[in-house]
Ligand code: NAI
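Here we start with a single chain on its own, the form predicted on its own, put down as structure tokens.
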């Protein structure tokens, strides 16, 4: 059985992907919230899947190295990876603090860099592997009041394309998924149910399909990109976004 490592795997798109991938692969759930990662892995194991959990901050090279070493002993080699850890801060450019800017870039861009750097040597040795990163519609179109998020997501896509070119000769494919508005805890963070309901309706009205996407719908795309069904696809970004943008 092959193994997939998922960062940001304890909730939202990451958790939905872990649940889907656990049907056919051994799953390693990595999250800054180690307790939630362990809870998710335990639930998958209880259903008969093979799942492991590790708490790690993707911005910390030492934590990534320690996690990778432990995973190698407990779960074996990593054949696929979904770099999904992320944060979101909505604020206009002139109000973005240096700390928040750094947090956004470190979590998204440095996080992908450190995780791919850690897993690529073993993939190169086997001359096989698949990596998916989480970009965004904003990787393409930008975002008012969200420049730091859009900049980070655009950088992720550029990094992914560069990885695809560099490691294609080693049989490693690297693609990005660019979700539109997906109904996750991150999307509605900080809002009560009363605050969220009208915002949810207004946000759905702006999508041609007339609704928000579900985490499971993004997980289906990630599953495809990590599988042999996409064996000739690399360096691409696929947008499950209800036609919010076309690319």
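Positions refer to the first chain, counted from 1. Source: prediction; values computed, not measured.
The form predicted together with the ligand is left out here; the points below concern that form.
With the partner omitted here, the stretch from 159 to 167, 172 to 180, 67 to 75, 90 to 98 that lies within 4.5 Å of the ligand by heavy atoms in the model of the complex is 172 to 180. Annotated contacts: 116, 129 and 223 are all free of the ligand in the model of the complex [non-hydrogen atom within 4.5 angstroms]. The ligand in the model of the complex is not approached by residue 217, whose heavy atoms all lie more than 4.5 angstroms from it. Residue 26 falls outside the set of residues with a heavy atom inside 4.5 Å of the ligand in the model of the complex. At a distance threshold of 4.5 angstroms between non-hydrogen atoms, residue 85 is in contact with the ligand in the model of the complex. Residue contact check for residue 35: none of its heavy atoms lie within 4.5 Å of the ligand in the model of the complex.
Along 51 to 66, these residues reach a heavy atom to within 4.5 Å of the ligand in the model of the complex: 56, 57, 58, 59.
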